[in-house]
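In the form predicted alone, a lone chain appears below as structure tokens.
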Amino acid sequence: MDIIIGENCIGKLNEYLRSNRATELYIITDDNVNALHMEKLKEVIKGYDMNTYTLSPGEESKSISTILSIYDDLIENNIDRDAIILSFGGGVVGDIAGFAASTYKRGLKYIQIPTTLLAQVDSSVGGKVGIDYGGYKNIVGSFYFPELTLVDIQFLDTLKDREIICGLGEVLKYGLIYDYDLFQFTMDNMEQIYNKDLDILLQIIRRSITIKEEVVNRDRYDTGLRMILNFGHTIGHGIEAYYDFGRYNHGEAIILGMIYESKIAYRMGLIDEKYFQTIYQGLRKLVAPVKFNGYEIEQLIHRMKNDKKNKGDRIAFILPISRGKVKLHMDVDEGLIAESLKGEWV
């Protein structure tokens, strides 16, 4: 898989398409990206047969009904196996486009052009594609790698602070699981990041992608090392699902997940109070922790028990053990999970 990273590098897409003798393109995007950036993309890819499918923005579009609608459109437009699907948008668009590409006619080539910080540092890299089903996050999906991921930071100019925070959740995760210097650098440069300082953004994006590539290349299909990327995701996905993917976006939920899971690690004696406070005090500035009540905790744990990372009836947690290091734990007591979610330390 090729990755291109830079500012105003979208022009390299045409060069790539010509070298691969592309003739027909099928673009999957959403309403927001279509309005903000589609004209820019189409300036680059003139001369190709093109069809565009536009989603409603938001997690609710990551569904089987959307996939079926895309299949209908692909068939209606006689899209053959030589066509290339272009994913042009954030993480939802990327997951949908990749899943459609992996399954339609047993697989079409596709290209990721991520337009959000979250998609640029995480979801567009690594080959995981899928949809939500039955109230569970990403429970239906596959591994299907794009031919190219083109990360152009010019598309970040239109992001609001909340979307920046969403991406920062994954950037800070990389720091806590793999490179503590990245965590510290990101926290120290938060104002510049919100102001979209391109030099700072390029640094954190390049380092985040490098970390994810290193992990994925050593464990392509998520059977060992790659599981460290799930820090914050066990509780985070439960929170997303409990609120029906409406109250928190993915990055915000992962930030909360990292806070609660770090508290579990502290109570288990895996990290000391000083390190827990470093994580907690940093992340709480981005998303305020919640004190969940008994009913909410019961519902959250129920959702965690259906997480795809679990083995049998044991909930899988990736927990911090020192700065920039984490480890898989399958022996976390439910009472400890509940204690953390009560948030009495908030």
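A residue's number is simply how far along the shown sequence it sits, counting from 1. Note that the structure is a prediction, hence the values are computed from the model and not measured.
Another form exists, predicted together with a small molecule; not displayed. Remarks below refer to it.
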Task: in the model of the complex, the residue from 101, 258, 271, 119 that sits within 4.5 Å of the small molecule by heavy atoms - done: 119
- [ ] Look at the stretches 58-66, 314-322, 279-287, 293-301 and give the one with heavy atoms within 4.5 Å of the small molecule in the model of the complex.
- [x] 58-66
Task: 4.5 angstroms heavy atom contact with the small molecule in the model of the complex for residue 163 - done: yes
TODO: Spell out, yes or no, whether the shortest heavy atom distance between residue 36 and the small molecule in the model of the complex is within 4.5 Å.
DONE: yes
- [ ] Verify the contact flag for residue 234: yes if a non-hydrogen atom of it lies within 4.5 Å of a non-hydrogen atom of the small molecule in the model of the complex, no if not.
- [x] no
Task: is_contact(residue 91, the small molecule) in the model of the complex, heavy atom dist at most 4.5 Å - done: yes
